[in-house]
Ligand SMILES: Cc1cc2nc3c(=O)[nH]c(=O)nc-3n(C[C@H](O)[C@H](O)[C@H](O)COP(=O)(O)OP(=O)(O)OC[C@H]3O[C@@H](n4cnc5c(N)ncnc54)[C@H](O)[C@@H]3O)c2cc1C
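Okay, here we've got a single chain as structure tokens, the form predicted on its own, with questions on binding and movement later.
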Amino acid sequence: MSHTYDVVVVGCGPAGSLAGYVLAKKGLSVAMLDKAVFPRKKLCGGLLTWKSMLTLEQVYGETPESLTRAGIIDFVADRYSIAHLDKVLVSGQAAYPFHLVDREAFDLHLLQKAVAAGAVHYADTIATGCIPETGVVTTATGKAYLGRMVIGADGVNSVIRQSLSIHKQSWRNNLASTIEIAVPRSRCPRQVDFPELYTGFIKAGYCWAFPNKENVILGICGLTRKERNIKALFQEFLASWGLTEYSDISFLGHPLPYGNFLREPAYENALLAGDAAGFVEPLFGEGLFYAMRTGLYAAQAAHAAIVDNADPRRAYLEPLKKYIFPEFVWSNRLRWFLMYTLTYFSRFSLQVFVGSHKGLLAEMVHGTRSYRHLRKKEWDQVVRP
């Protein structure tokens, strides 16, 4: 049995939900498939940068105030710090505040907007394969969903990506391991009022402490090809941070794209967005913005292919090459520069660099400045659907 739509979106996280919303608002029929039932747990620090808020405003008309009223944003901070082990290298104030969200509430909010716009949501539906030439998505129940276009937004272990013949690179080469725990504020050894990043516990990666209303999110992320057990490294960070009793708190972990983004995320009638294509910034591991933005670009390309008979690959790659890929390339170069600085020089060299560039680093994270030569960054204008 098959169901036919203009577009089949696989994965209902921020990339898939935003794509589904845009396409439905433009009048196309959209099926949205996800193996989970929402709301669902999602491992993520939940930090929204300026460019993330720009995208939410451009697409949905959302503001920090509207998201706070909806219970999505539950913490705001305009400061940050970067430390090496237990020594603070730099602490500064950002020109624009960081907004931290509850990912369960945030993802559900975006999915509900897509459904309200007219997309049809199929929960608890496991995609098992895709035929990109015909737009067929098969599922574990035996049902097939047929779309004139397919958008794969089904995460780092994407079934849609694995179904494409362009999937030739060794995806595991630059996957990072990630572990995260949520510690109730009442059990934290100290107050945390802004995002904190830590280097030195893992060679190619970092640790973090992100505040939200009820908890502090502690995590570690990094390449582990030549590392010992990442759980042991994380426990060293927790001990250094002052947390010694956490046996009753669940460790959550998953792989994260960390420099292995696909330069060809389109094949025939299928497009890949978000983590499914490795669209995560390689220095700080920011994924939320790039999920939403590539979901937007994938939706625009799918719409152009269906309505205007445009080449979907070309329509998708054009904004990616102009706005997204340069950030990944130069962020990755900066990452390895900083890692080699720590390996072959002292932490004081890193302190000099981040101390002299602390304002610029914050601007790069927020997206007002590019990772490429620290130039001012201009994002494209979006006409609200």
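Since the model is a prediction, treat every value here as computed from it, not as a measurement. We number the residues from 1 along the sequence you see.
Just so it is clear, the following notes concern the form predicted in complex with the named molecule, a form of the same protein that is not shown.
**Student:** Sort through S163, N260, T178, N212 and report the residue having a heavy atom within 4.5 Å of the named molecule in the predicted bound form.
**Tutor:** Partner contact (heavy atom, 4.5 Å) among the options: T178.
**Student:** Which residue among L54, L334, A36, L360 has a heavy atom within 4.5 angstroms of the named molecule in the predicted bound form?
**Tutor:** After the contact test, the surviving option is A36.
**Student:** Considering non-hydrogen atoms and a 4.5 Å limit, does the named molecule approach R103 in the predicted bound form?
**Tutor:** Close contact exists here: in the predicted bound form, R103 approaches the named molecule to within 4.5 Å, heavy atoms only.
**Student:** Hey, in the predicted bound form, does A15 get a heavy atom within 4.5 angstroms of the named molecule?
**Tutor:** Looking in the predicted bound form, residue contacts with the named molecule include A15, since a heavy atom lies within 4.5 Å.
**Student:** Does V159 reach the named molecule in the predicted bound form if we count a contact as any heavy atom within 4.5 Å?
**Tutor:** Result yes; V159 sits at the interface with the named molecule in the predicted bound form.
**Student:** How about W208: is it within 4.5 Å of the named molecule in the predicted bound form, going by heavy atoms?
**Tutor:** Output for W208 is yes: heavy atoms within 4.5 Å of the named molecule.
**Student:** Looking at 122-130, 239-247, 191-199, 89-97, which one sits within 4.5 Å of the named molecule in the predicted bound form if you count heavy atoms only?
**Tutor:** Residues of 122-130 come within 4.5 Å of the partner.
**Student:** Output the sequence-ordered list of residues from 34-53 with at least one heavy atom within 4.5 Å of the named molecule in the predicted bound form.
**Tutor:** Contacting residues: D34, K35, A36, F38, R40, K42, L43, C44, G45, G46, L47.
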